Structures are given as structure tokens and as C-alpha cells.
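This document starts with one chain, in the form predicted alone, laid out as C-alpha cells.
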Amino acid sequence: MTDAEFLLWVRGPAFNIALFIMLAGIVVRFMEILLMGRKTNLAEARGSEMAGGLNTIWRRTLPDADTFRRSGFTIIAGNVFHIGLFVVIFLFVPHILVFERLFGVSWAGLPSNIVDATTVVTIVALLAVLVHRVKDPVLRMLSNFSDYLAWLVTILPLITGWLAFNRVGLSGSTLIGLHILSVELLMVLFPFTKLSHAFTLVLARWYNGAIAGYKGVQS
């Protein structure tokens, strides 16, 4: 397979397959959560489920002082790479063109040099998170294969994207093809790993807060 054929394959059939698996997986994941059901609470309500759910979503978004004092590095590094991922995925003009082709919507992007610098910062933050996880005895004990797999498929598109943008090592078409392939690997594994928290996080927080709110306590 030539470089051109490889690029056409990853941009066409491989991308369509990865997109289908990701969307189907997300739908199944949500159905599992929504259809799981909860036992009817026969106790008298002491508060509002809705208020409790919304309050928990808001409170868990910003860490309290005690949590920040205990886990400051994790919070800062986590926010850096999450914000960096958002910038790279949604504010890089070539990526915006992909969204426009898929969904028919577009928006303004950032200059390429800013996205390039953000990519480097995000990669460094992810590496720092990995080192911290490996060196911290508690985090190392709690970590399993899925944690490291999620980390790997997250950082690979950033590395291959940076290499492709800066034309490092291989031909341009090969680098772009490898970058797209790494994104497709992320898409395929996304619904079936802890990365799915990007979609389920808000719903999970609402459920926890709603249960606590019904009991009249704070989650």
C-alpha cells in the first residue's frame, strides 16, 4: 500500500468504521445507565432531587480548598491537559473543517502556532500525570491496565499530530495518516474505557446529587 492509498484508507473506510463504533458505543453506554433503573425510594423526601443534582454538578466542577490542598498537582495537571485537549481538538482549523464536513457547522479557530504550543504543553502535562501516577504508591496501587491504556490512546494523537504538523521524520502523507489512525484508535476505545467519562460525568454527578438531595443532605 502506497502512502497515498494508506491516507485514503484511513480518511475513508477506517474513519467511517471508527465513527460508527464510537457513536454506537456511546449510545449503548447511555442506555445502560438510563435503563439500569433505581429502586423506588419509599422514604419521605427531605429535599429536592433536581436541586441536589444541579448543585452537585456545580460543586464538583470546582475543587474545594481541602481537596486542592491534598491533590493540588493532580488538579492542576488534569485541568491543563483537559483544557489543552479542548483547544487542540476544537480550535485547530483543520479539525474544525472535519466537524464542518461531518455535521455542517463550523466556528473560528486559533492560529496554528498557538495550537502547536498548546499541543506541547498538553503532552508535557500528560507525561507529568503519568510520572506522578507511577511514583505515587497509592495511585500506582489503584491503577490498572485500563488507566494506562486510556492515557496511551489520549497522548498518541497529540504526538502524531505534532509530528505531522511539524513534518518530523516521515513523509507528510504518512504522518497525517498515522495521526488519523491514532485518532481512530481513540474513537474505537473511547466508549469502552474510562475515557467515556467525558460524556457520562455530568449524568453520574447528577444522579449522586439527586439521591443526596432527596435525602436532604449535600453530596
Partner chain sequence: MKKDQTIGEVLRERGISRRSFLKFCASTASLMALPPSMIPVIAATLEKARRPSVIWLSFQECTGCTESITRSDSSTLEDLIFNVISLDYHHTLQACAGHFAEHIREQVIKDNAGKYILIVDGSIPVKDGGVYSTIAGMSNEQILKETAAHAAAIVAVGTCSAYGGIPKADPNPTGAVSVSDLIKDKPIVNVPGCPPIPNVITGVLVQFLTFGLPELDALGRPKAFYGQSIHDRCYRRPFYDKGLFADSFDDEGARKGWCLYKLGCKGPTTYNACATEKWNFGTSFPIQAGHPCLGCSEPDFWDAGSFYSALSTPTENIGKTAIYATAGGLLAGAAIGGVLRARKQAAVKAHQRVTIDDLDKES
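Everything numeric here is computed off the predicted structure, so don't read it as measured data. Numbering follows the first chain given and starts at 1.
What follows is about the form predicted in complex with the partner chain, which we do not show.
Colleague: In the predicted bound form, does every one of Leu7, Phe15 and Leu19 come within 4.5 Å of the partner chain, counting any heavy atom?
Modeller: Contact check passed for all of Leu7, Phe15 and Leu19.
Colleague: Under a 4.5 angstroms heavy atom criterion, identify the one residue in Val124, Val134, Ala117, Val93 near the partner chain in the predicted bound form.
Modeller: Among Val124, Val134, Ala117, Val93, a heavy atom within 4.5 Å of the partner chain in the predicted bound form occurs only for Val93.
Colleague: Just to confirm, with a 4.5 Å cut-off on non-hydrogen atoms, which of Val98, Val80, Ile89, Leu130 contacts the partner chain in the predicted bound form?
Modeller: The option sitting close enough to the partner is Val98.
Colleague: Even though the partner isn't displayed, in the predicted bound form is Phe165 close enough to the partner chain, meaning a heavy atom within 4.5 Å?
Modeller: Yes, contact at 4.5 Å.
Colleague: Ser173 versus the partner chain, in the predicted bound form: is there a non-hydrogen atom within 4.5 Å?
Modeller: Ser173: contacts the partner chain in the predicted bound form.
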